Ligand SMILES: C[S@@+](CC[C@H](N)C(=O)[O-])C[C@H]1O[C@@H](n2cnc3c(N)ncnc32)[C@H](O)[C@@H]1O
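In the form predicted on its own, a lone chain appears below as C-alpha cells.
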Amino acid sequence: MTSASDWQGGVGRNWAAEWERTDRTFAALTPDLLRAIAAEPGAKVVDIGCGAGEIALAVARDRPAAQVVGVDISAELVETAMTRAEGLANLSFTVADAASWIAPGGAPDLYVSRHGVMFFEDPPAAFAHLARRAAPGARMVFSCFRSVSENTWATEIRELLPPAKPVAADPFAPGPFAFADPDHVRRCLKGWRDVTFRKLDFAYVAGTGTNPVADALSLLSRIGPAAAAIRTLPDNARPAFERGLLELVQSRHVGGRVCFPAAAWLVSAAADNA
C-alpha cells in the first residue's frame, strides 16, 4: 500500500529529486498516452497526480489556448513541476488532493493522468467527485499498471526478498497495482461511462549513461519496491538483497540500457453528467 502520507513525505521527496530518471522510466509509455490525450477535446484540462509535471507540460505546450492545471498532494513534486513550467502562461500547479479539490477556473472538460489515479484512498468517491465537478460529457484519459506478474521490474525485485509469513492483503489497496483489474476499475469509475481499456507494453528504463548498472542501482535504491526493501529489511538480510539486486540489474543490462518489461492500461471514459 502507498498512502497519501507516503507521497506527502519521503516517497514524494524522492520522486521530486529523481524526476528526470522517473520520467525516463515512463519514456516508452508517455508518447502513447499523449497521443490518446491529443485525440480528446478539452480547453480546461486537469492532470491528476501530476507528479513532476511532464504530462501537464506537454499538454499545455500542445494546447496554448487551453488552461491546464496539475494537481498533486506532494508539495515537493509540485515545486519541481512549477520550476519546469516557467514561461508557460497557460499552465499552473497546485498542492491538493484531486479527490476533493474544486477547480477555481470553472468545470474541467478533460482529466488526464499518468499513473496517478491508483493512489486514491477511496476511488469510487474520488471519481464521483471528479464527475460532479466536470463539464457535461467531460472526458478522462489515464494510464495505470496492469498486473504485477506482467511487470517484471516489480516481480523480479520481490523475488529477491526473504520468505515472509503470508499476510492477507487487500489487492485493491492504494498502490502501483491497485488498478490492474479492469472489472475493479469499472466499479471504481462512479459517474463515468463508455470506459475503454487498451493494453500498452513498454520498456521500463531503469539505467542508461556511461554506467547503466550503477545508474539503475542508484534509481532503484530510491524509488519503488527495492527502495522500500532497503529501508525496511533487517540489517542481517539487507546485504543479500543488495547482492541479488546487483545481479538482477546486471542481467537486465543490454545495449547500454537496463530495462525491464512493463505493462499498462490506457483507460478512457466520459463523464455521465450530461
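These figures come from a predicted structure and were not determined experimentally. So that there is no doubt, residue numbering starts at 1 and follows the sequence shown.
Beyond what is shown, the protein has a form predicted together with this ligand; the following relates to that form.
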Close approach of residue 80 to this ligand in the model of the complex, 4.5 Å, heavy atom: no
Distance check, residue 109 to this ligand in the model of the complex, heavy atom within 4.5 Å: no
Residue contact check: residue 144 to this ligand in the model of the complex, 4.5 Å heavy atom: no
Partner proximity in the model of the complex: residue 139 to this ligand, non-hydrogen atom cutoff 4.5 Å: no
Complete contact of 151, 177 and 201 with this ligand in the model of the complex (any heavy atom, 4.5 Å): no
Heavy atom contact within 4.5 Å of this ligand in the model of the complex, the stretch among 34-42, 201-209, 231-239, 66-74: 66-74
Contact residue in the model of the complex, from 249, 50, 59, 219 (heavy atom within 4.5 Å of this ligand): 50
Position in contact with this ligand when the complex is considered in the model of the complex, options 91, 98, 134, 185, heavy atoms within 4.5 Å: 98
Within 4.5 Å of this ligand in the model of the complex: residues from 20-43 (heavy atom criterion): 23, 26
